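Take a look at this single chain in structure tokens; it is the form predicted on its own.
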Amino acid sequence: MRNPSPGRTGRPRSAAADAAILAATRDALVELGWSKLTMGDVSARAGVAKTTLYRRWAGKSELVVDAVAELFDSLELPDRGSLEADIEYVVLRFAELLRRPEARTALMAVVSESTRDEALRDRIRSAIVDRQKRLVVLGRERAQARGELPYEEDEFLASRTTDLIFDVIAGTVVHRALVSSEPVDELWVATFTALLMHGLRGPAAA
């Protein structure tokens, strides 16, 4: 959930009101679609004044991105004991999230709109992409501590590796689930994880 803009004053924001507004945004988007969605629709569904929305979000684009970001912020990566198990777990949870109508509709809407709006692309990057890279960082740190992955001393290269891992996993799952509309089931996830772990050459012969 985004922080209040610097310099804005007034009553403290209510977490409950924010949650209700973001939930109402997702519901309205599923029902109306991006083009018909208005701040008025959201305020009516959430039971708040339209001015309340504009005190928190400058417009529809910011609001919808934050509504999507809240869904992805719920993703967690419990320690499953191995890098392979960690990857399989988070990919399955991510796929489950993408099966929810509000997640599918909202994500596809903001991605489509962002092709014409550079500011929206920047907001998607900061509010969704960059925040979700925390899962990659956590998974790599655990794997390094277990001795499954080498440490990278160069911070720039480590950051580049994190970006690449995120792009490969998130991009593949989103394409599979939302573009190809194919199932992301346990068999597919296990095959994908094996490819990610061992590359195109496959596991080394015993």
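Definition used throughout: the rigid core is the maximal C-alpha set that superposes within 1.5 Å between two forms. Remember, it's a predicted structure, so these values are computed and weren't measured experimentally. Residues carry their position along the shown sequence, with the first being 1.
The same protein has a further form, the form predicted together with a further copy of the same chain, not shown here; the description that follows concerns it.
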Checklist entry - So which of 31-39, 49-57, 140-148, 64-72 is the stretch with heavy atoms within 4.5 Å of a further copy of the same chain in the predicted complex? => result 31-39
Checklist outcome for this item: Contact with a further copy of the same chain in the predicted complex, heavy atom within 4.5 Å, among Arg80, Arg104, Arg93, Arg131 goes to Arg104
Next on the checklist: Under a 4.5 Å heavy atom criterion, is Ala16 part of the interface with a further copy of the same chain in the predicted complex?
Outcome noted: no
Checklist entry - Ala127 near a further copy of the same chain in the predicted complex, any heavy atom under 4.5 Å? => result no
Item to check | 4.5 angstroms heavy atom contact with a further copy of the same chain in the predicted complex for Ala85 | outcome: no
Item to check | Exercise: Ala23 in contact with a further copy of the same chain in the predicted complex, heavy atom 4.5 Å | outcome: no
Next on the checklist: With both forms fitted on the core, check whether the Cα of Arg176 differs by 2 Å or more between the shown form and the other one.
Outcome noted: no
